[in-house]
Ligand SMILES: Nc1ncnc2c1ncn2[C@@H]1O[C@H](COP(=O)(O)OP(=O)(O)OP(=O)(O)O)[C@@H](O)[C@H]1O
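Below you will find one chain, with nothing else, as structure tokens; this is the form predicted alone, and questions on how it binds or moves follow later.
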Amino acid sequence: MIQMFHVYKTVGNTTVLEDVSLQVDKGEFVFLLGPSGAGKSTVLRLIHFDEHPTQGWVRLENYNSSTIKSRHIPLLRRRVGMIFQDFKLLRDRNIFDNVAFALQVTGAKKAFMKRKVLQTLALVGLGHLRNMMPAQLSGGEQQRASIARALVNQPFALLADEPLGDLDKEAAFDILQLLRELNHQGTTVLMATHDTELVETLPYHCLRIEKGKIL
């Protein structure tokens, strides 16, 4: 479960978010809808504990932003995968090594890491491209690699920050179908988007953020 209660986030003297209380239950697929600059990415960073609220609290499973110790934040982030619009792949490493990097930082053994990476790449349909460099892949394939990296630690939730924004229509459809399939398998998905038409076509819970508040 993901909960945010009366979260406030300020930058300098400006309040970026105010009153963004929300709850996402285990296994849900939820859209966070709003125009560019509305604060969608800030909400996701707060949930990922990349940022902390100036007031209020964020809770993921048993972790609470008001009580968590800094040494426990990396453990939390292994349980919550992040997917970005611009992929954020390491350009000097092939796709296998990009996904493996998420396990290397946890100290995973090589045999386990190889098996897990190959399984995850197969899951997103990239097993045959594991030795390719990011620049050799299409936008949709790079986003699949980004999803594989987010999945390799078996997170209970995926936070997707405009994951379809840089993709053509066909690639965007494929990525959305992949996220829906992962959700059907039990992964909680919270996806930020400004695409109102997309949201209206799918039977998922939608939260709208306007002027720093969730409606």
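This one's a predicted model, so the numbers in the text were calculated from it and none came from an experiment. Numbering starts at 1 and follows the sequence shown.
Same protein, other form: the form predicted together with the ligand, not shown, and the subject of what follows.
**Student:** Taking the partner as it appears in the predicted bound form, which of 31-39, 58-66, 175-183, 145-153 has residues with heavy atoms within 4.5 Å of the ligand?
**Tutor:** Result for this chain: 31-39.
**Student:** Using a 4.5 Å heavy atom cut-off, state whether residue 48 contacts the ligand in the predicted bound form.
**Tutor:** Contact check for residue 48: no, nothing within 4.5 Å of the ligand in the predicted bound form.
**Student:** Give a yes or no for residue 16: in the predicted bound form, does one of its heavy atoms lie within 4.5 Å of a heavy atom belonging to the ligand?
**Tutor:** Yes, residue 16 sits close enough to the ligand in the predicted bound form that at least one of its heavy atoms falls within 4.5 Å.
**Student:** In the predicted bound form, does residue 199 come within 4.5 Å of the ligand, counting heavy atoms only?
**Tutor:** Contact with the ligand, no.
**Student:** Should residue 11 be classed as touching the ligand in the predicted bound form when contacts are defined as heavy atoms within 4.5 Å?
**Tutor:** Heavy-atom contact with the ligand at 4.5 Å: present for residue 11.
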